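Next up is one chain by itself, shown in structure tokens, the form predicted on its own.
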């Protein structure tokens, strides 16, 4: 049984996991949907209630029924690199690929519909609070008056993008920034603006959840930080990430979040205040983890590989097979 990784070509984070899968003898096929109709191909026939066929990528062939798990890492847009790309071809290719993979019996990290829903920041904040995680007061608005009234109630605010684009995705990425006291909120009328009460943090927390496993890392805030720099992703800091224990109540709430969101993987960001409270900021369903593993030595890539290597529902376990070491 094969692990299928859907991601772009230059994904070093995926490479880290592939190393562990290879070491455990687990077959891996890596496919970027952007290569469909070019170096990637597919074929499936609907027979007796399911699709039977194959996927091909980079000269490797895998049967749809022989896929153990699917890791949706950072796939490109379907057929984006086709000889004659078009919106029509992208839609057709995406429908074909993801449509045939659904209900093939494989385990997903993460299932596409759940991952798509989990991207929405307002949805995240509601779910986090329902699961018992503290969430800072937040306003998303295009009404300048609403922004001014919110600022009057919470004078110390930050502004951040609603979409939460990653720093490696310019020009979409905008760092979280503090709002000056004399701010003119008239510009919020031109686009949805997310305002949030600033947490006076003593540390940033990145908690990587892989199934039931929670691996947390902590980066201490500098004693005299630049008051304008509040986004750890854009801030140059000599402080490394260090392993951190997860408070039991936080662990319970994070696992409840994953269950409710139907996620097998999530990268949670928290701000730890002076009282030690972890304030929920966001959960990236495909967030990076390599930088944390490099600093802390935490076995995140290995944990993901072990999750992917476990047998799918109904798949017999080969007690003597080459993949035994990776089955957990």
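Numbering follows the first chain given and starts at 1. If you superpose the two forms and keep the largest set of C-alpha atoms that fall within 1.5 Å, you have the rigid core. Keep in mind the model is a prediction, meaning the values are calculated, not measured.
There is another form of this protein, the form predicted together with another copy of the chain, and it is not shown here; the text below is about that form.
- Annotated contact segment (heavy atom within 4.5 Å of another copy of the chain in the predicted bound form): 101-109, selected among 244-252, 200-208, 101-109, 69-77.
- When you look in the predicted bound form, the only residue of 285, 37, 288, 296 with a non-hydrogen atom within 4.5 Å of another copy of the chain is 37.
- Listed residues 42, 301, 267, 29 were compared with another copy of the chain in the predicted bound form; 42 is the one with a heavy atom within 4.5 Å.
- Annotated contacts: 152, 178 and 183 are all free of another copy of the chain in the predicted bound form [non-hydrogen atom within 4.5 angstroms].
- Mapping the unseen interface onto this chain, residue 122 counts among the residues with a heavy atom inside 4.5 Å of another copy of the chain in the predicted bound form.
- Another copy of the chain is not shown here, but in the predicted bound form it comes within 4.5 Å of a heavy atom of residue 117.
- A residue is said to contact a partner when one of its heavy atoms sits within 4.5 Å of a partner heavy atom; residue 238 fails this definition for another copy of the chain in the predicted bound form, lying far away.
- In the predicted bound form, residue 140 approaches another copy of the chain with a heavy atom inside 4.5 Å.
- Residues in 65-83 all lack a heavy atom within 4.5 Å of another copy of the chain in the predicted bound form.
- In the core-superposed comparison between the shown form and the other one, residue 145 has its Cα shifted by at least 2 Å.
- A displacement of less than 2 angstroms separates the C-alpha positions of residue 276 between the shown form and the other one, with the rigid core held in common.
- A displacement of less than 2 angstroms separates the C-alpha positions of residue 43 between the shown form and the other one, with the rigid core held in common.
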